[in-house]
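Presented as structure tokens, the chain that follows is alone, the form predicted alone.
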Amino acid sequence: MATVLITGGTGLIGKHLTVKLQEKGYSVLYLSRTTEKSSSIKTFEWDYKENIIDIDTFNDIDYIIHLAGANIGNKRWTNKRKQLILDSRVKTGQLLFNKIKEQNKQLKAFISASAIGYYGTITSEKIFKETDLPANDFLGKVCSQWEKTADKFKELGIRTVKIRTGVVLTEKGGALSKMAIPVKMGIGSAIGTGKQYLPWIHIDDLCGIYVKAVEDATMNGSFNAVAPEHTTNKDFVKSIASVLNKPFWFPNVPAFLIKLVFGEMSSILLKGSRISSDLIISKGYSFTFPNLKKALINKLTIMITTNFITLYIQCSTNAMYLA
């Protein structure tokens, strides 16, 4: 079976995708800044800041899935942080391109992560499609340069796919676990007007789209990875409250408070438009979780069960020490 090299493979999406690929018989390798001795996945090291990459990285690989990139939502957007967000995407892609070209390596496909930030952090009546132009704000510029770097692989005759991803629903880490915290406390509420759209995707579907991008030789260019159901921020939080059987009655969190806490980054919380998934559906992809309620029931149930098991183990361990 073919071999897939994943950059950023030790991250949340990378680990989940690894399992999906291995279940289908693919061999998976990682390219990472550090190697984990406990990992069962063979890992090669690189450092884009020093323009260094393990010379054996590209031996016998068929596909590259490029997921590497600093998290856009876990720190305030200082000038230094914004530069890191850009460089960790563009310079890593450039390093991969340079080395692939240098070694004259013929990949079957180069598949790069991107984001719906390509369309900008705005709230409008427009439903954005892959043919729309990038926005002129920070995220729009980042995603545009990110994708332009990926497009260089086309110069080498390599099939290139870019996956513009929405908010990924997972049971561990990510936006959902953070949004569920106030709801669990009984103080769930919408943010800002609550009318901004929140394009989302279940992690199983996101990984399913990546697998399809590997296997479907007709996939070229950009594809939106978002569920077909359009949901506002208010409806999203109300659905979490419904699944958790918690109240949803608190007044909206004022926009000025969000701006005060998060600064420029608040735009990704306070704004959002609808994104079309028609193109990936037209390619034959069938969503496992097209409906938010179904997706939340799946992930929140796992989250609650995992937390319960962890608590049980901790209590049992403490009891043994006290006995």
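Quantities reported herein were computed from a predicted structural model and do not represent experimental measurements. Residue numbers here begin at 1 and follow the sequence given.
Below: the form predicted together with a small molecule, not depicted.
>> Partner absent here, but in the predicted bound form, which of 70-78, 234-242, 212-220, 184-192 has residues with a heavy atom within 4.5 Å of the small molecule?
In response: Of the stretches listed, the one contacting the partner is 70-78.
> Among A135, C207, A115, A109, which has any heavy atom within 4.5 Å of the small molecule in the predicted bound form?
Replying inline: Going through each option in turn, the one that passes is A115.
> Which of these residues, L84, I122, L156, I127, gets a heavy atom within 4.5 Å of the small molecule in the predicted bound form?
Replying inline: Result of the distance check: L84.
> Just to confirm, G166 within 4.5 Å of the small molecule in the predicted bound form by heavy atoms?
Replying inline: Heavy-atom contact with the small molecule at 4.5 Å: present for G166.
> Does at least one non-hydrogen atom of S88 fall within 4.5 angstroms of the small molecule in the predicted bound form?
Replying inline: Contact with the small molecule, yes.
>> Quick check on F287: any heavy atom within 4.5 Å of the small molecule in the predicted bound form?
In response: F287: no, not in contact with the small molecule in the predicted bound form.
> Does any heavy atom of T57 come within 4.5 Å of a heavy atom of the small molecule in the predicted bound form?
Replying inline: Looking in the predicted bound form, residue contacts with the small molecule do not include T57, since no heavy atom lies within 4.5 Å.
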